[in-house]
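The chain below stands alone and is given in structure tokens; this is the form predicted on its own.
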């Protein structure tokens, strides 16, 4: 019969590990003998070797206790564990490939044509602030409205080829720095609404989409600039007067 120290030494583990196996119910803990020592039999040596072998192979301790005692049951259980590990390894390799592609610039958050469009905005006179806002806008639109995103993007990209419409976008960009009481905002709002009616009538592209995301974006812009907030308020008021289709999240809340 062996003491716990002898057992641990012969099998190649620590006495602490043996006690952990006792605590987890993997290895039966023998009663103390008359001298107050726990004595381990040959069966305990065999069982501890089995536990160490499985643990070293990567089998979780919680699963070791569930494994069958016959060779067939053990083989079946190990095959299940192996299949699980294979699936995890595949998932990790897929994740690794995606990370490497992302690091190499092979995965784009936005389509290539949108990135090309954004890259060309500085040459048109747009500020870095506006371009960053546009990037965030298109990331959210492509993520939340993939069915509409291309249509909306092509519409905006095409509008920038018109000098008059491009000047409206540029004026909206620079309205960020205007005082909310600046009369230029009133004139700009009138021009934007008139151009929208001329281009779309009273139903612009995406007007029937869920308004939560557009409202979120607009509220973020309004918080960034009192000038933008005032411009948005003026545009909404004039669009409502003109009979524009303009859904808001408050409209949806009333539907319930």
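Numbering follows the first chain given and starts at 1. Between two forms, the rigid core is defined as the largest C-alpha subset superposing within 1.5 Å. The structure presented is a predicted model; accordingly, all values stated were derived computationally and were not measured.
As for the form predicted together with the DNA, it is not shown, yet the points below apply to it.
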Legend entry - Non-hydrogen atom contact residue 59 with the DNA in the predicted bound form at 4.5 angstroms: yes
Legend entry - Non-hydrogen atom contact residue 242 with the DNA in the predicted bound form at 4.5 angstroms: no
Inset, instruction - Please run the contact check for residue 37 against the DNA in the predicted bound form: heavy atoms, 4.5 angstroms, yes or no? - result: yes
Legend entry - Touches the DNA in the predicted bound form: residue 236 (any heavy atom, 4.5 Å): no
Inset, instruction - Kindly confirm or deny that 3, 6 and 24 each have some heavy atom within 4.5 angstroms of the DNA in the predicted bound form. - result: yes
Legend entry - Heavy atom contact within 4.5 Å of the DNA in the predicted bound form, the stretch among 191 to 199, 28 to 36, 41 to 49, 224 to 232: 28 to 36
Inset, instruction - Using a superposition on the rigid core, decide whether the Cα position of residue 48 changes by 2 angstroms or more between the shown form and the other one. - result: yes
Legend entry - Core-aligned C-alpha movement of residue 191 between the shown form and the other one, 2 Å or more: no
Inset, instruction - Could you tell me whether the Cα atom of residue 237 shifts by at least 2 Å between the shown form and the other one after core superposition? - result: no
